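Below you will find one chain, with nothing else, as structure tokens; this is the form predicted alone, and questions on how it binds or moves follow later.
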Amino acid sequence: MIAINGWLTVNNFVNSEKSNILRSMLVNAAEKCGISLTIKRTGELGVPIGGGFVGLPDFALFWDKDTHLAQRLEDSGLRLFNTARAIELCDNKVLTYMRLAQCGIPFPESYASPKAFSAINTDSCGFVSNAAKRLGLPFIIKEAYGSFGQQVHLAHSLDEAYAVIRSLGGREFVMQRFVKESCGRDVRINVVGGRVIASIYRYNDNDFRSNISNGGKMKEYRVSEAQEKLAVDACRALGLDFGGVDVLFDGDVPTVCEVNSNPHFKSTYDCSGVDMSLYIMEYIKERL
């Protein structure tokens, strides 16, 4: 008997095959747990700012990065998994690294770009050369907002760095030390409720990024105690109920590359056979 009702809140404009498969996995997992999960596109939840939502369910599994809407739903009394604040911290990589630094969690040395109100004039980019002196060449330029590695660039020279920065049109970014040992490889560690439930090794022989969507490959991987602790600590620091943590190989000390509040776990399922959606729905049921 289904006694719990929830929303699976998804982006209004994303309708890819991969996203639809993931949504179906979550809905099916919810049914197995005795939960009725209804897909709600963010565009369906348009009410005036300051207005109240009607017909709210018991919870929402917020599978998007619309933090304004997430906060408004929370203000209306709806329990969100993940919370608006956790999604906000993960969505903006500057905020991610700031929070990780506050909690003493290692990540590659990083510099945030100054605030820009329009396209950057590289004549005023002395901060880039100063960062390059500390980070060395090549170094990473990573847009603050982005997914699937598409907004991550590797600059081998200052001229390349300036070209990338000009192309960003004033969008904020992070300059980060390039971890050569982890070039084209990392570990995706999926965490639910403070414990690791699955992990995969991702690698790409033709790109410095390991993302599967960029042509990377994957295989099963057993995490070390240090990697497991790092992933769990990172999710805890960011307030995540669940998340996907990308961990780099950096000498003897693993470091965080990025943390995802809405991990695309289909690849992990294909590789490991572990269905993250079931763990997520069981976790939600336990907390309602």
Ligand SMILES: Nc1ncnc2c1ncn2[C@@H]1O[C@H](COP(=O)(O)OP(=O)(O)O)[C@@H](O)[C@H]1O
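Start at 1 with the first residue shown and count on from there. The shown structure was predicted, so the numbers you read here are calculated from the model rather than taken from an experiment.
Separately, the form predicted together with the ligand exists; it is not shown, and the next lines address it.
Is the ligand close enough to Arg23, Phe59 and Met281 in the predicted bound form that each of the three has a heavy atom within 4.5 Å of it?
Judged in the predicted bound form, none of Arg23, Phe59 and Met281 sits within 4.5 Å of the ligand.
Using a 4.5 Å heavy atom cut-off, which residue among Ser147, Ser157, Ser124, Asn206 comes into contact with the ligand in the predicted bound form?
Comparing distances to the ligand in the predicted bound form, the residue within 4.5 Å is Ser147.
Consider the chain as shown here, without its partner, and state which of Arg79, Arg171, Arg177, Arg72 has a heavy atom within 4.5 Å of the ligand in the predicted bound form.
The option sitting close enough to the partner is Arg177.
Classify Cys257 as contacting or not contacting the ligand in the predicted bound form by the rule of any non-hydrogen atom within 4.5 angstroms, answering yes or no.
Heavy-atom contact with the ligand at 4.5 Å: present for Cys257.
Heavy atom to heavy atom, is Ser199 within 4.5 Å of the ligand in the predicted bound form?
Ser199 lies outside the contact set for the ligand.
So in the predicted bound form, does Asn211 come within 4.5 Å of the ligand, heavy atom to heavy atom?
Close contact exists here: in the predicted bound form, Asn211 approaches the ligand to within 4.5 Å, heavy atoms only.
Hey, in the predicted bound form, does Ile35 get a heavy atom within 4.5 angstroms of the ligand?
Judged by the heavy-atom cut-off of 4.5 Å, Ile35 is well away from the ligand in the predicted bound form.
Stretch from 257-265, 25-33, 220-228, 46-54 whose residues place a heavy atom within 4.5 Å of the ligand in the predicted bound form
Answer to the contact question: 257-265.
Pick out the residues of 226-253 whose heavy atoms come within 4.5 Å of the ligand in the predicted bound form.
Result: Asp246, Leu248.
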